[in-house]
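Heads up, the chain below is alone and in the form predicted alone; it's given as C-alpha cells.
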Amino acid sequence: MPPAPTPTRLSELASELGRQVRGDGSFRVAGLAPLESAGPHDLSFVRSADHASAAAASGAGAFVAPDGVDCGARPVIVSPQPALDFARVAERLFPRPVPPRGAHPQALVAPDAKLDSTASIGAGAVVGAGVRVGARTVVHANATLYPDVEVGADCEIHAGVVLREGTRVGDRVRLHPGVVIGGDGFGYVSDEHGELYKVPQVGRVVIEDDVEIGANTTVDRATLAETRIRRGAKIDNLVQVAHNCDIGEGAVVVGQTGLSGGTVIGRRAALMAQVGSAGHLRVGDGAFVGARAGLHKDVADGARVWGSPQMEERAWHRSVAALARLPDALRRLRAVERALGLRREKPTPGSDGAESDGES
C-alpha cells in the first residue's frame, strides 16, 4: 500500500476542485475509504441520493456528495460529479512516486538510443538500437524496448512490458505489467502440401496519446501497414487485439475481449467483458456491446447489442425472457400431444411398461 497521505484540510481540497464545502472545512482528511469501511478520519464519496442510507450508516468523517444528499452533521464537498472529484482528490493525496532520472546502472541501453535527460530507465530494462524515449517517461525494471521503438513524453512503461521493433507510442501513455505490443499477428496460408505457411508480419503498432492498456494485454503488429490504438482509448487487462485492428478515440475495451484481425472499433464505443469479434467488421461510434457478445457482423453507430450471435438489446432481453419460460412451454406442449395421442411415452430401461420421460 502507498504511504498514508499528509492530513489535508477539506477546504483546501475543495478549493483545488473548484467546489464548495458544506460544514466544517477545517476537517483534516487523513485517508480515503469506501463508505462500508471508512473511519472517522477518512473521506468517502456518495454517488447519488440512492446511496444516502449507506452514507448515513458509514463511519466516514467527511464526504464528497451531490447537493441535497443528507450526510448529517459531517462536512461535505458538494459536487455534481462525486466519483470524478473523489478520483482527483485521490490523485492529489497519493501522487505517483517519481524515480531517479537517467538509466539505472543495471539497465542495458544501446549506444545510439536517445533518452531525454528527464527520462528514467529501471534496472534490467533493455533499450534497443535507435530507440527514442521522451521527457519524463518512466521505463520500469525489466521492460524491453526492441530496436526502432519511439515512446513519447510522460509515459509509464511498467515491468515486463515488451515493445517490439517499430512500435510508436504517443504522449501520456500508460502500459501496465506484462503488456506486449507488436508481437506477430496470427497469419498463415496453406502451401502446396496443405501445411501451414507463416505470413510475414511486417507492419507495426501505433499507440496515440493518452491511451492506457491493462496488464497482460497483447496488441499484434499489422500484417501490412498499421494496427492503431487511437487517442484516449482505454483497454483492460487480458485483451487480445489482433493484426490490423483500429481502436477508436475514447473507446473502452473490457477484460478478456478478443478482437480478430481487421476489426474496427468506433469512437467512444464500449465493449464489455469477453466480447469476441469475427474479423474485418466494424463496431460503430458510440456503440455498446454487452458482455460475452459474439459479433459476426457490423454494429451500427450508437447501437446496443448483446448475445451470441449478437442481437439488438430489446430483442435479446425478449429472447432471454422467453428462454426462461421454455421448460414450462415444453411441458404444456407435451401434455397436449399426449392428450391428442400424438406422443407416445418412452419406456424406462428395466421396466416393462411405459414411464414418463421426465416432463410433466
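Quick caveat: nothing in here was measured; it's all calculated off a predicted structure. Numbering starts at 1 and follows the sequence shown.
Below: the form predicted in complex with a further copy of the same chain, not depicted.
Student: Quick one: find which of 236 to 244, 281 to 289, 112 to 120, 67 to 75 has residues within 4.5 Å of a further copy of the same chain in the model of the complex by heavy atom distance.
Tutor: The contacting stretch here is 236 to 244.
Student: Applying a 4.5 Å heavy atom distance criterion, does V131 contact a further copy of the same chain in the model of the complex?
Tutor: Close contact is absent here: in the model of the complex, V131 is far from a further copy of the same chain, nothing within 4.5 Å, heavy atoms only.
Student: I'd like to know if P177 sits close to a further copy of the same chain in the model of the complex, meaning any non-hydrogen atom pair within 4.5 angstroms.
Tutor: Heavy-atom contact with a further copy of the same chain at 4.5 Å: present for P177.
Student: Taking heavy atoms only, is T257 within 4.5 angstroms of a further copy of the same chain in the model of the complex?
Tutor: It does: once a further copy of the same chain is placed as it appears in the model of the complex, T257 has a heavy atom within 4.5 Å of it.
Student: Considering only heavy atoms, tell me if R164 and a further copy of the same chain come within 4.5 Å of each other in the model of the complex.
Tutor: Yes, R164 is a contact residue.
Student: Within 4.5 Å of a further copy of the same chain in the model of the complex, counting any non-hydrogen atom, which residues from 59 to 85 show up?
Tutor: Stretch hits, in order: Q81, A83, L84.
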